[in-house]
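As structure tokens, the next two blocks hold two forms of the same chain, structure 1 and structure 2.
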Structure 1
Amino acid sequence: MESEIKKLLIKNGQALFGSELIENVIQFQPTRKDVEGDFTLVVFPFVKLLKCSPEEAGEKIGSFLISHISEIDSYEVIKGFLNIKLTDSYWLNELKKAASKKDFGFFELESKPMVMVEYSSPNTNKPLHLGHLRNIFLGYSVSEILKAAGHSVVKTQIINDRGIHICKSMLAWLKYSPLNEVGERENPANTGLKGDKLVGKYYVEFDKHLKIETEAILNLWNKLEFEGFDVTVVTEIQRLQAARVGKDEKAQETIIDKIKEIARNQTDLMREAKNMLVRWEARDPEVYLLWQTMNGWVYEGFEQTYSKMEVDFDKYYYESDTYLLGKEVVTQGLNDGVFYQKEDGSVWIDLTDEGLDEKLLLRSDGTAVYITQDIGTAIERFRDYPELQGMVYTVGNEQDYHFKVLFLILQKMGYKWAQNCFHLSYGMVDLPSGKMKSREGTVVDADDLMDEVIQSATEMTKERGHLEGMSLEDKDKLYSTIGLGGLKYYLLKVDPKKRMLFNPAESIELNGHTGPFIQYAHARIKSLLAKSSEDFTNWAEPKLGQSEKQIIKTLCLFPEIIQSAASEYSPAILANYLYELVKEYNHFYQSVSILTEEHSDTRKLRLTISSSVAQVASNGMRLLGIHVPERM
């Protein structure tokens, strides 16, 4: 309707205003709730053209519109605002259109370009935690929203399965895992531990021992005992120690950190770990087999977690595969003159013209760094999917700089698709106690958290219960639907770009702006509809009440909401919309009777509204990765 008016005004610009109209002077906004009208044209921009007061201008446009568009019922000019009211039959017709389509709001399948969405990029040395949960729910939901907006989508992840961190776990397992009576070290089968948890345990174990060894070295250095250390190390430490003198606290701390770092690298443990990495790169069979075994445990553990989260992937990429391609294309780029080589053999790109720094792409020993494999992965993906038009990387905003650099490098290498790569940069998740820190043990484990929210949903649902006659199996399913729904909604309702606070007490809340609030409204409607046996698809035009019209208006926004959630990559837009819709419905539900309404057209209208709200709530929540129950 608004675009129709826009067209009409532009077409008649000369006659009405004495000059051609530019499209952006025509601005619409929803009408204030306390004023009559369905939408509002802002008149101020026209005042200059018409050289009259805003009131006169509004009047002139209003009288023109009402005589040209039959759906306009009336208009009213208040200050500089032209409030336009549409006829009831226009709205009733819109409702019928929405109600008649099962997939109302969704765009034609695969009518838009193919994009790949990467989410979840775990390291294989640690279990998933709360931060991953935000990442994964976000990426999954963005994928579903993009599909609903008409894109075809490939969901993927990049598994960081190689590097020093895995070697640490492997080494610690070899050194510290006790042998059982049959001479086996710990594994998921003989301990009953989830694979990722077991490997994570040995990563922590490594850190523990490393810390002890590091402390020992630091003690020696503090006593100025440097025997047995390399000369260059000794001079560096002595230089740093001297530099501490007279500095303020903060500067001293930086220096101490540097000394610690050097001490860590002097430990036997670190040396062994690094040596293991070298053996891995050389495909030493023993190391390689161990690596495969332990990663295998982790993957099994991850799959369990993903399945509990109800997310899936179409394609997996492993850095152990793609880093080789990365190295290859960097070498190629060196020959093509995109990169340059320093005397020690390391390869760099100079991005100072773009306001960034110089960036290392290959170490002097020829091994790959983080960004090398990312370059390889990106190229491989576009090779694997020739129809692919764009990439979305769901990665925390701590890596903003990294992706800026990555996309720029890909562009400089001549990949046209590089400009369609997008870093979906989400904010960190904080706890009421502050940042999550693995060193301080404040990391919230993903599996534990999901178990807890489901447990809590179980208890609260048992208290309230409308579950008579439900099978045990269905009840368990319901508890998990509610618990997980609450958690997902809690993490998705805030703007992805923003840092957010995770309050455990709030995340299991069932009242107010929560997932279960929406689920409950859905269940209530379903129960209502189940009690009615009448066919309400056809009705004549009943009188349209205030709250009924409001809901219809909000329902009609659903397609736009999907569109903007897709273009903004923001499930939060959708989540907040669904809350708004349901809130309006609850108000309506409480203030009128539906089943017992005597006037049959009105009753059918209300049933249609109810079923449409349930439909949009259900489809909308599905795009957030959340199920809605029939009963609760």
Structure 2
Amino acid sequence: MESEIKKLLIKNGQALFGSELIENVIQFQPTRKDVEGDFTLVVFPFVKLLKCSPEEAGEKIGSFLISHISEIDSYEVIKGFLNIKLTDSYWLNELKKAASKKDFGFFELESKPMVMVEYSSPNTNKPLHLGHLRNIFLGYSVSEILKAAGHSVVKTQIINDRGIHICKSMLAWLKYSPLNEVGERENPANTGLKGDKLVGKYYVEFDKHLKIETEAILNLWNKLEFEGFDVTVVTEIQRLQAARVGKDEKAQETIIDKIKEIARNQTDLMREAKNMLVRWEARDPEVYLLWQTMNGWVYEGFEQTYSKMEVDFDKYYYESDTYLLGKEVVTQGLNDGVFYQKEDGSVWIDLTDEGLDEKLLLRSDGTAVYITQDIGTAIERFRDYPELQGMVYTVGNEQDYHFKVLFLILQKMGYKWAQNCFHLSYGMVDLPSGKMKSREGTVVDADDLMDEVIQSATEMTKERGHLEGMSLEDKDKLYSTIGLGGLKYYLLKVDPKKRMLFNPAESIELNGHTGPFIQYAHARIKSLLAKSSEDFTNWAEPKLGQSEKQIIKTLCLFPEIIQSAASEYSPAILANYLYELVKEYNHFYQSVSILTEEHSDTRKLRLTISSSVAQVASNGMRLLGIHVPERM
């Protein structure tokens, strides 16, 4: 209706206001709860055009609208606001439209441009953890919402399968993995451990040994023993140590961190890891075979986790492939004068004129950095999908600067599509115990967490009962549906931009702002509908009560919510809408009779409302990657 009013006012702008209207002048907002009306037109923008008071302007517009739109029942002007009330017939017809379509709210399939959404994009040196869960559920849901909004969508990820962090796990496995009785080192087959967890174990092991070597060097430097270290390193350490004098605690901590970083790079272990990276990029057969073997273990582990998460991808990219293209285009950019080379042979771009800084693109030894492969990946994706109109990177907000630099570099290289690249920046997930650190082994493993919430859902559901007649297989499926649904909803209901504290116990509660609360409402409606044997699809126009009207109004927002969630890349908009819808339905359910209602048309109306709420709840939760059970 709002769009119809906009069109009418724009069409009659000259006659009504004496000038043409532009669309953004026409502003709507929800009607205040203490006044009557279904929505409100803000009158203030028209006062200057009509050269009268806000009340007079509102009356003129209201009188015009009610004489041209039969669905408007009445209006009321309060100061600069025109509150518009629609007829019961309008809302009943809207309900019929919603009830007649199983995909109500969804836009025509692939009627909008193609968008690629990147999510997960893990490193092959560790298993997926809690932070990945928010990333993956967010990216998957955004993909599904964009599809519902009419976009063609390609779901993708970039596997970060190369780099110094990968070499750390490889080197640690070679150095510290014990041999069994037949001379084999640890592997998934002889330990029964998932491949990603086994490799992650050695990433942690590397850090333990690195700390020991680093502490040994720091102890020498603290005693001013510098024998055997390069003169430039010694000079820098002495400068930093001198700079600590007279500094406050925070400044001293910053200097100490710099000294520790230099010490880490002076360890034999770090030198070995860097050498392994150089050998890998040179395709050294021994290193390359080890890399393929250990990555293979990780991929098998990842696929098991993705299967449990119930997420999928249309296209995989691998950093080990795309970094080569990145190096090629960086070399070309150097020849074209977009980049420059320092005396040590490293390649950089100067972004200081744009308020950023200088960015390294290739190290002096010719090896690539993260942004090198990101450049190559972006270019390859647009080559693979020429019809691609936009790309969404689902990556934590600690990488905000990285993506500013990436998009700017691509624009400077002449890629116009770079303007349509978007960083879906989301806040980190904290634990009550503090921030997670993969290399220290303090992460919450994704598999373990999913198992935990499913087990909690199992115990909760068994305590409640009501599962008589269900097979063991169906019960197990229900426990998984409730547990994973609670976990996903908990991580998606928060605005992506906000940092959040995760509490798994809260996620599966049946009461409150949770996924199981919505799942239970759906199951209760399905149970209600199963008890009715009548055809409730056809009914005359009964009198519309306030609670019925309110739930219909909320239902009719669904298409708008999908579009808003898509344009904002925010599943939280949809998640919170579904919660409000179910809350509204619970109020409706408790305030009126449904199956026992004597008036046939009223009973059918209420059953239609119930059925439509269940359908929207099911469709909406599906866009969040969540199943809704028929029974709980």
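Only the largest set of C-alpha atoms that superpose within 1.5 Å between the two forms is called the rigid core. Residue 1 is the first residue of structure 1, and the numbers go on in sequence order from there. This one's a predicted model, so the numbers in the text were calculated from it and none came from an experiment.
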- Report the structure number, 1 or 2, for the form predicted alone. 2
- Task: From the list Gly366, Trp280, Ser89, Thr293, return the one residue or range at the hinge between the rigid parts that rotate between the two structures.
- Result: Ser89
- Query: For the rigid-body motion of this chain between the two structures, what is the smaller part's rotation angle in degrees?
  - Reply: 10
- Item | Rigid core fit between the two structures: Cα deviation of Glu23 in angstrom | 4.2
